[in-house]
Structure formats: structure tokens, C-alpha cells
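Have a look below at one chain only, the form predicted on its own, in C-alpha cells format.
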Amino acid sequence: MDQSRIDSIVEAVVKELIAAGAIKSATTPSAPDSAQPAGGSTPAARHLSHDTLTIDLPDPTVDALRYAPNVTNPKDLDGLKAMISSTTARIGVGRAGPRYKTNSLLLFQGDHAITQDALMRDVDQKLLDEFGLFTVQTRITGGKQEYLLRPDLGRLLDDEARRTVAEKCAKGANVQVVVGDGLSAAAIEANLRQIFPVIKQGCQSAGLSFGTPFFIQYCRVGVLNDIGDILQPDVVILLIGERPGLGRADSMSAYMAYKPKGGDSDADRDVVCNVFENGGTNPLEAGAFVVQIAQKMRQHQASGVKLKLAAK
């Protein structure tokens, strides 16, 4: 196919898009021209270079578009809107043949990008400095990729971390708070400023000694066991980023255990999950709840399943 034929097809497509309202043009497109203009630009290129063609689409993540029904001619439009507003599930997205509509696809890609960003970036060092948290690391040596593939290594502090924690942290505290990046740096950045002071002040008001807090990079929940073995606190509280969902990266959990030790499992732990503002457990309320659970753990000398049985 020669260049003039390609130019004609491009011009025809642009005209159809403008006529359909899919794109906007400040001027009426010229008729197809098979001649090659001076400077090597085609007629289609001339439209683009003069900024007369606009193909930008509206942001699909704004609420008006995110929650707009995309089903063509729904039988009960009001019912569909009510259903969409009642859940975060992706319903009423419609389809173009066997495929997603453009708006639905762009929204999915945008939300997936939020997830990827939360997984792959590190917690802001300024935030850690703000709370005076020194940093140690688990046995992950290959960065984020290894962290995602080897959760077992994220449950163990490396040798240097064990020495650092033993040297810098008070031993035998009633409550030891640790912050871990987990699977979402964004979750820590979104919630730490609210939940940490509440936990600290709540422990002080309850007459509980507060251990030396610190930060663990490449952290998994099972690292609670190493912390318990090294510092011997009554209760360990691990604030950690949860696995992000599509468009939701700010959800944090507070995992807790009474005198954790090597060999303990999830059955020996409690958790306050889905900690985030505007839809989850408010971080201020979660902080107060965490302190109450810590007191109950010390009272019954148990956590996890054992605490539930003891508190009956």
C-alpha cells in the first residue's frame, strides 16, 4: 500500500471519529490529499501538528465515571445504579462485543497501577525519621522481586538485624510496637501518623511499659516470632501494609501476639485488619482497639485461639 492510500485512510478515520463525537477538532478536516507536503508531513500529521485534534478522554477514576453504569439500555437503570453504589465490585461495566468498554479497561489499568506502585516502592524515609524509627531488614537480599517470591525469608530477621534490635531495644516491655512495610508502603504512609500516637498514649494511660519501636523492611507477619525471641515482651504489635487491591492501597493491619516465639503460627495471633480512613476501620479507633486487645492478652496470658477460649 502506497503512502497516499495510507493518508487517505487516516483522513477518513479521523473524519468518522469527529462525526461520531469520539474526538474533537477545532477545524473541519481537509479532504484527503495524496500529494506529500513539503517537509515530509502527511495531511493527517498536519492535523496533529497544529493542535487542532483532541483525543484525550476524561479521567475514568473520578467518582462520576467510576460508578456510572456502562450497560447499554439497562432494564432498570435506577436499580443498577443502586447496586453499583452498594459494592466495590466491578459490576455493570458492559461490553463492546467480547471485550471491555474503553472506560472500564482504562479504569482497571489505572487501579492496577496503584497496586503496582504500592507493592514496588519503599516507605518514605521522612516518615520513619518523624517517629524516630531505625530500620532493620529480614533475610531478603534480592529486593522486591525476591520478597514477593520468598515469603519465608520475610519472616526471619537477618543476623545484623537481630544484633541491632538486641542492642537498641528495651527488653521485657509490656508492649512492643514494630512497623513493617509488608505489601503496601502506601498503607503505612496513610495510617501511621494517626494510629501510632493512639497506641503509644493508650499504653501509657493504661500503665503499660512501651518498648523501643523500629521499622522492618521486606517484612512478613511471621517475623513476630523473631521479635518475641529477642526482646521477650508481653505483647508484640506489628503494623504492616496489607496486600493492595485494585485501586485500594492504603489498607493496613495490626497483627498482635502474646509472648510470640519460634514455631508460633497464625492460630497464636490476633489481627485488626482493614485499617484505613473512609470505608475501613478508622486508624484512630483501631489504635484504641489494639490497646484493649493488648490488655486482654496480658490479663489472660494468651492470644489467638487460646485467647478466645480463655475469654469465654
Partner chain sequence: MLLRTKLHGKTYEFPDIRLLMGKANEEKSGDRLAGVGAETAAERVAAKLVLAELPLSVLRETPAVPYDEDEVTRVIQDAVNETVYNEIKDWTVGEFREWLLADTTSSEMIKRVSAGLTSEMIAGVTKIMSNLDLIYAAKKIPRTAHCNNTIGTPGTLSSRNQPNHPTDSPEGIRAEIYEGLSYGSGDSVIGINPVDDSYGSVMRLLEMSYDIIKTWEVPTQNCVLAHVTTQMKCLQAGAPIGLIFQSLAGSQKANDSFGISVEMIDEAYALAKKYCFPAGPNYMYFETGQGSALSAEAHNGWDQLTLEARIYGFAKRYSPYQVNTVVGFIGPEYLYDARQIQRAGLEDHFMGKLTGIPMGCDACYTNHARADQNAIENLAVMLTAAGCNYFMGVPMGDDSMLSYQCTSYHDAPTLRQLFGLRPAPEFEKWMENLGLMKNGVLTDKAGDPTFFLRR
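It should be emphasised that the depicted structure is a prediction, and the values quoted were computed from it without experimental measurement. Residue numbers count along the first chain shown, from 1.
A second form of this protein, the form predicted together with its partner chain, is not displayed here; the remarks below concern that form.
- Proximity to its partner chain in the predicted complex holds for none of 173, 289 and 301, with the criterion being a heavy atom within 4.5 Å.
- Only one of 122-130, 197-205, 161-169, 92-100 lies within 4.5 Å of its partner chain in the predicted complex by heavy atoms, and it is 92-100.
- At a distance threshold of 4.5 angstroms between non-hydrogen atoms, residue 245 is in contact with its partner chain in the predicted complex.
- Although the partner is absent here, residue 193 sits far enough away that none of its heavy atoms falls within 4.5 Å of its partner chain in the predicted complex.
- Although the partner is absent here, residue 183 is a contact residue: one of its heavy atoms lies within 4.5 angstroms of its partner chain in the predicted complex.
- At the 4.5 Å threshold, heavy atoms of residue 139 stay clear of its partner chain in the predicted complex, well away from it.
- With contact defined as any non-hydrogen atom lying within 4.5 angstroms of its partner chain in the predicted complex, the contacting residues in 139-176 are 145, 148, 149, 150, 151, 152, given in sequence order.
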